[in-house]
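Just the one chain here, the form predicted alone, laid out as structure tokens.
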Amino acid sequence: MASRALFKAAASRGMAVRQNYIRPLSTVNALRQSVPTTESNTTDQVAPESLVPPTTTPLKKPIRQSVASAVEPVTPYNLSIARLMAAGLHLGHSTSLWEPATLPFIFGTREGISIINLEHTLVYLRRACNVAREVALRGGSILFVGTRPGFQDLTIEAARYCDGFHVSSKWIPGTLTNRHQVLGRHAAPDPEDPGRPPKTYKPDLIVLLNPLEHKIAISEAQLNNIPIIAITDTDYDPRRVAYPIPANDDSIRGVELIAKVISTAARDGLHRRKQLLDQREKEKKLLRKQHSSKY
């Protein structure tokens, strides 16, 4: 009898617990029924035009551009060995590909890889910046050449930043030695004399970002007495170009840094040239006024 009483008491407690669990569920269901369902109404009211983003929405930038815009821009005036090392410009090629002419630029070797002395890289890069600045100051044209995969975008950006020219796809043999035939077909005709062959021009300075693949371009530039700034790794003879920059030519970050610094220097030369021309124009106007006032 005692066991039956205990069983009845336990059963009554279990029923009470179940009712307590059921009550909250019933209240939730009642609340759900009381709230009006707006999903069907919203789906019916959505117009297809609202799913298309407006034309004023800014386009997403590549990761490389967004990172470059967030970091302090590198200029010829704030260059440092730490920045060059962070870009990976100190890593050379394997010692089996070592070019003996690069011995003065090598700091040592580590695990079979030649390490470039960034002190020399910094000095030669600043010299190249001075050359690009002076060429732009005197009204010369600068040609950036970078055809390796991953170099196309940075080559175009560097050329546009300093109002220069670029070759990012392929160097056509005869671009300099036979430019009337190679470039003349793409040049605009002379408006005064359409039958006359169009004019073609030679660059005053060439910046080679991957000289190992451009032996023809280097030979054509030497025949036309055009100086070359080139990134020379430990597997390339730096004596083949006029202004070598000992650095790693396989690092996209490093090549972008060098191209941006040279382009910034050329842009400074353009800005300085514009200031000088404006100053000369003001002096000429002042002389004319003085001359007219006398007579």
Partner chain sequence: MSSLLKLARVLPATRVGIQIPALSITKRFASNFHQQHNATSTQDDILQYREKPESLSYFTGNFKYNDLLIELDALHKRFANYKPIDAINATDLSSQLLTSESVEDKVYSWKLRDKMSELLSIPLTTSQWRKITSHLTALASLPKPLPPSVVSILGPYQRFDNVNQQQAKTQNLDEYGRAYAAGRRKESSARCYLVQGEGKILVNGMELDQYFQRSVDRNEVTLPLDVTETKDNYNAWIIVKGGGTTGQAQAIKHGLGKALLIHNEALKPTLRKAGCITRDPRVVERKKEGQKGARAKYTWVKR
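Please read all numbers here as calculations on a predicted model, not as lab measurements. Residue numbers count along the first chain shown, from 1.
Heads up, the form predicted in complex with its partner chain isn't pictured, but that's what we're talking about next.
S.K.: Looking at its partner chain in the predicted bound form, do all three of Val74, His90 and Ala128 come within 4.5 Å of it through at least one heavy atom?
M.R.: None of them does, since no heavy atom lies within 4.5 Å of the partner.
S.K.: Would you please decide whether Phe107 lies within 4.5 angstroms of its partner chain in the predicted bound form, comparing each non-hydrogen atom pair?
M.R.: Looking in the predicted bound form, residue contacts with its partner chain do not include Phe107, since no heavy atom lies within 4.5 Å.
S.K.: Should Ser169 be counted as a contact of its partner chain in the predicted bound form, where contact means heavy atoms within 4.5 Å?
M.R.: Ser169: yes, in contact with its partner chain in the predicted bound form.
S.K.: Quick one: is Asp204 in contact with its partner chain in the predicted bound form, heavy atoms, 4.5 Å cut-off?
M.R.: Close contact exists here: in the predicted bound form, Asp204 approaches its partner chain to within 4.5 Å, heavy atoms only.
S.K.: Heavy atoms within 4.5 Å of its partner chain in the predicted bound form: does Arg160 have any?
M.R.: Looking in the predicted bound form, residue contacts with its partner chain include Arg160, since a heavy atom lies within 4.5 Å.
S.K.: Taking its partner chain in the predicted bound form as the reference, which of Ser114, Thr175, Thr102, Thr121 has a non-hydrogen atom within 4.5 Å?
M.R.: If I apply the 4.5 Å criterion carefully, the residue I get is Thr175.
S.K.: Counting any non-hydrogen atom inside 4.5 Å, which residue from Ala217, Leu84, Leu209, Leu143 sits next to its partner chain in the predicted bound form?
M.R.: The residue in contact is Leu143.
S.K.: Where, among 90 to 98, 209 to 217, 74 to 82, 176 to 184, do residues come within 4.5 Å of its partner chain in the predicted bound form by heavy atom distance?
M.R.: So the stretch in question is 176 to 184.
S.K.: Counting only heavy atoms, which residues in 261 to 280 are within 4.5 Å of its partner chain in the predicted bound form?
M.R.: Arg273, Leu276, Leu277, Arg280, in sequence order.
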